[in-house]
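Form predicted on its own, single chain, as structure tokens, below.
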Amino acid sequence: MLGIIIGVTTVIAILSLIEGLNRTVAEQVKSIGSDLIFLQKFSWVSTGHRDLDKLAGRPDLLPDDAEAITKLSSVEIAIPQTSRQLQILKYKDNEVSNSSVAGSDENYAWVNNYIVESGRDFSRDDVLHRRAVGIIGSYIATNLFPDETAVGKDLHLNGHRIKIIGVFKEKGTFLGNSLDDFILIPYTVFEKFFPRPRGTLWSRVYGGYSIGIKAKDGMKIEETTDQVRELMRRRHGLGFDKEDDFELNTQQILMDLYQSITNVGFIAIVAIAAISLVVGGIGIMNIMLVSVAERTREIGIRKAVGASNNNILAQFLIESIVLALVGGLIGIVFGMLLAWLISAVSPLKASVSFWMILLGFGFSASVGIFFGIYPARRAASLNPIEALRYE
């Protein structure tokens, strides 16, 4: 049974860890907003370096595009968004590095599911009058202002002073990246403080605006995407025979990409486990063949008193299946224990579902049946007279 135990243990442990990871990622995507669409010049899935020249030639997206999209019947709100990396943020003796600064409008927190925990959110006047105010993520607040409130303090960005008016509630991470390590300022202020260098290929592709679009409740993402695509093609003057000069990205793209990656790992693990199961199945077959040889007289006696070939076949096949199922049951228990042990000592979280247990039993039963048929048929086909003479 050892091969079956190892195979089922591997399958259950890995599947439970993958399932836990899937649920964690799904919850993170949901927290960001599964009803969001991002209008950008580039696709998330990926464009190789050979396409950068083509992407750089696409027209920039503008705040005016967001205003036009907001008027669509399937759109709740659309906002302009832009960002860039900061080297170091300092306040007194404290500093954080590699944070980012984002520029958007007063609807940013609503669209991206952020909550202002202390202080206040932007107002429309802050954006229109280019007020140098900002809202910081909880990571920056904790590390720059560990012993005092951040609201009302000043930070210096690119040689300019920003007054902190609010702090976002902690949101956690998404695919290993912190969602709390940034400062948000009005996009009108961002344009003033961080003018985009037009000369570099990278800045022309990734340095402009993207448009965050929130679909109305009850609207299908596909329908909203179609409306946005039609509008942007009209605004860019694209004929019916011209391809889009923009991309519409959704959270589902990330989920599909993530699942395609984990599916490869899943297939690899199942293949490795299948080898263990085959080895275990061959072991069961050999043991059953030995059992048939050792119990030849028993088979002859059973046939002599009226046992049919089917009776003998069922007897040995059931024994084979029971051996495999016992190994599968032990493997399931070990697999669950191994998954929970890994969860206890690492950030990975296990999630054991009922279908995994059924899969473990199904694998075990299949191995027992497949590798038990030959010994069982061999036992059933024995001639009773020759079996009685067997020493």
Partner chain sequence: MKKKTDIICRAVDVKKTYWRGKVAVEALRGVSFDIKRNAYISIMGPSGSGKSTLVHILSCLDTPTSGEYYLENALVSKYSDEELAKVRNIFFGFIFQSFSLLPRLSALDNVALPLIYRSISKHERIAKAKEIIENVGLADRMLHRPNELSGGECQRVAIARALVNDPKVIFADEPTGNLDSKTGAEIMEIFDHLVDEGNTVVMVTHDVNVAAHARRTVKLKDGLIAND
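The term rigid core refers to the most C-alpha atoms you can superpose between the two forms while keeping them within 1.5 Å. The shown structure was predicted, so the numbers you read here are calculated from the model rather than taken from an experiment. Residue numbers count along the first chain shown, from 1.
Although it is not shown, the form predicted together with its partner chain is what the next lines describe.
Novice: Answer for A109 alone: is it within 4.5 Å of its partner chain in the predicted bound form, judged on heavy atom distances?
Specialist: A109: no, not in contact with its partner chain in the predicted bound form.
Novice: Check R297 for me: does it contact its partner chain in the predicted bound form (non-hydrogen atoms, 4.5 angstroms)?
Specialist: Taking the distances in the predicted bound form, the answer for R297 is yes, it comes within 4.5 Å of its partner chain.
Novice: Looking in the predicted bound form, any heavy atom of A307 within 4.5 Å of its partner chain?
Specialist: The answer is yes: A307 has a heavy atom within 4.5 Å of its partner chain.
Novice: At the 4.5 Å heavy atom threshold, is I385 in contact with its partner chain in the predicted bound form?
Specialist: Because a heavy atom of I385 falls inside 4.5 Å of its partner chain in the predicted bound form, the answer is yes.
Novice: Tell me which of 113 to 121, 177 to 185, 297 to 305, 275 to 283 has residues with heavy atoms within 4.5 angstroms of its partner chain in the predicted bound form?
Specialist: Going by heavy atoms within 4.5 Å, the stretch is 297 to 305.
Novice: Just to be sure I understand the contacts: of T200, N311, S73, T173, which is the one whose heavy atoms reach within 4.5 angstroms of its partner chain in the predicted bound form?
Specialist: Checking each option against its partner chain in the predicted bound form, the one that comes within 4.5 Å is N311.
Novice: K192: CA shift of at least 2 Å between the shown form and the other one after core fit?
Specialist: Result for K192: no, shift under 2 Å.
Novice: Core aligned, does the CA of R295 move at least 2 Å between the shown form and the other one?
Specialist: R295: C-alpha displaced by 2 Å or more between the shown form and the other one.
Novice: Is the C-alpha displacement of E319 equal to or greater than 2 Å between the shown form and the other one once the rigid core has been superposed?
Specialist: It does, since the E319 C-alpha is displaced 2 Å or more between the shown form and the other one after the core fit.
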